[in-house]
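In the form predicted on its own, a lone chain appears below as structure tokens.
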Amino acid sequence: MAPVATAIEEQRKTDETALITGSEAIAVACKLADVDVITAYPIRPYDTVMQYVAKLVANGEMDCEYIVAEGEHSQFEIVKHASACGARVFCGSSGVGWMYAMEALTVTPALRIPMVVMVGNRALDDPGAFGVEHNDALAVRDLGWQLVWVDNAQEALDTALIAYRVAEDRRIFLPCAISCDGAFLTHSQALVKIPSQEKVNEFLPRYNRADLLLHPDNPITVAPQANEDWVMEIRRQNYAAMERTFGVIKEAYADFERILGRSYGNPFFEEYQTDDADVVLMGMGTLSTPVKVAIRQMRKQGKKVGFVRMRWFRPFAAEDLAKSLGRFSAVGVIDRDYSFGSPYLGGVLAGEVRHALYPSPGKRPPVLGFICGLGGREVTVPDVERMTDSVYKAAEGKVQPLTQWIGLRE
């Protein structure tokens, strides 16, 4: 091979760096994954993804069927059926737009459609708010969707590629929603390493439905009316698929590190300064930024506090999490959501953490729940310090409210 050709080939295998937002990082991942069909309907803050995809298509940098639907329900229906026909697909929404597609979202897991979507997390109306809350994505937590939260643009791009690898694995065939906090991640720029197409091709095989392909040459039944005859068996098959996701996710992250060179350690949750921590805070998404800043400040004051950030909410790594949390004297869970009427009137994540700890044979530290940052309100360093003080008091045996609302206006 001539020297010039060799240099060009080597350059193609080299990662690039770009200043892009979290939404744009997801769009770039769609390009790298060579997605076949993308549907769009504008709703903030998700709409920045479809805008960037449209730009890539218009500039000739991406080749896909780009379909603007008349509403969220239609866009999810389009990609659902395209996936059944063997197309790799992508779409997404935010807030009430995500809820408008609920019928399509409900049936997708049972149909074993491995679509990958993005939820630009946004508060549910009313009252109207464009800011982040997690209740939109969490609405499908019991339906068979895989759910993962990311906290920066690099992780958004990487996780999208991993999501396709996991969702389209023949052992799984379940949809995956990537949650990106509205504005804090969707609209914030950061330097992102974009992997080469060659590396992505090695990591991510083509989508293959095999005998489940909907095609005139392969007559199969899609969305049957099963009633009492087979509904339980179908539910049990989905249960088994979700159970298998734990191993497949671990495989995907290991191959991602081997091929693309970035390691995320434990795929399911990240630990920050927990080795010598007395107490820890927990949360999901971009609140990790103010929490980590506050932890560094409190460490200088001699407070041994750490942070655990959940990545994968479904599947929920209950045993591993319970083992990890059992090392600490108390745990404070920060929810950017709410579950009105739930036990202790707390947030969704706090309830899941208590559920995970209950059957644990190890130590079960007290768990406090904090509801904070709703509607896009900032989670500030003083907020984090206040929550930490309450967790320390619980560790000392002092009675604390099990659910506390932080940062309310007086």
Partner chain sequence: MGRLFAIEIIYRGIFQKTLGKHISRSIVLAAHKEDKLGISFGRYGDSPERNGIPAKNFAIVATDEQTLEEGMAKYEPKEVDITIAVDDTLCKGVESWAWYGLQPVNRLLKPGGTLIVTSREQPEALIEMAHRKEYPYKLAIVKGTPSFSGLWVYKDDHTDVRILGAIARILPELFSLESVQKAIMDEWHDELKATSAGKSYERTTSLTVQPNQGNPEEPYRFDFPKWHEMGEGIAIPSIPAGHSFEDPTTHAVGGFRPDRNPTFKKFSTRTMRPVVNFDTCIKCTLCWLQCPDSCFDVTPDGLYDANMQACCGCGVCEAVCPVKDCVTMVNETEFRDNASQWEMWKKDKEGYKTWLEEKIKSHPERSHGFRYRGQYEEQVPEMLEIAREG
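Numbering follows the first chain given and starts at 1. This structure is a prediction, so every number in the text was calculated from the model and none was measured.
Heads up, the form predicted in complex with its partner chain isn't pictured, but that's what we're talking about next.
Legend entry - in the model of the complex, segment of 274 to 282, 289 to 297, 87 to 95, 222 to 230 with a heavy atom within 4.5 Å of its partner chain: Selected range: 222 to 230.
Inset, instruction - Identify whether its partner chain in the model of the complex is within 4.5 Å of every residue in the set Arg327, Leu357 and Lys393, based on non-hydrogen atoms. - result: No, the candidate spot makes no contact with its partner chain.
Inset, instruction - Would you kindly say which of Ala129, Ala139, Ala318, Ala110 lies with a heavy atom within 4.5 Å of its partner chain in the model of the complex? - result: Contact check passes for Ala110.
Inset, instruction - Select from the listed residues Lys303, Lys250, Arg244, Lys323 the one whose heavy atoms reach within 4.5 Å of its partner chain in the model of the complex. - result: Looking at the other structure, the residue within range turns out to be Arg244.
Inset, instruction - Verify the contact flag for Ser74: yes if a non-hydrogen atom of it lies within 4.5 Å of a non-hydrogen atom of its partner chain in the model of the complex, no if not. - result: Flag for Ser74 set to no.
Inset, instruction - Indicate whether Leu212 is a 4.5 Å heavy atom neighbour of its partner chain in the model of the complex. - result: Yes, Leu212 is a contact residue.
Inset, instruction - Check whether Arg236 has any heavy atom within 4.5 Å of a heavy atom of its partner chain in the model of the complex, and answer yes or no. - result: It does: once its partner chain is placed as it appears in the model of the complex, Arg236 has a heavy atom within 4.5 Å of it.
Inset, instruction - Could you confirm whether Arg206 comes within 4.5 Å of its partner chain in the model of the complex, counting heavy atoms only? - result: Answer no; every heavy atom of Arg206 is more than 4.5 Å from its partner chain in the model of the complex.
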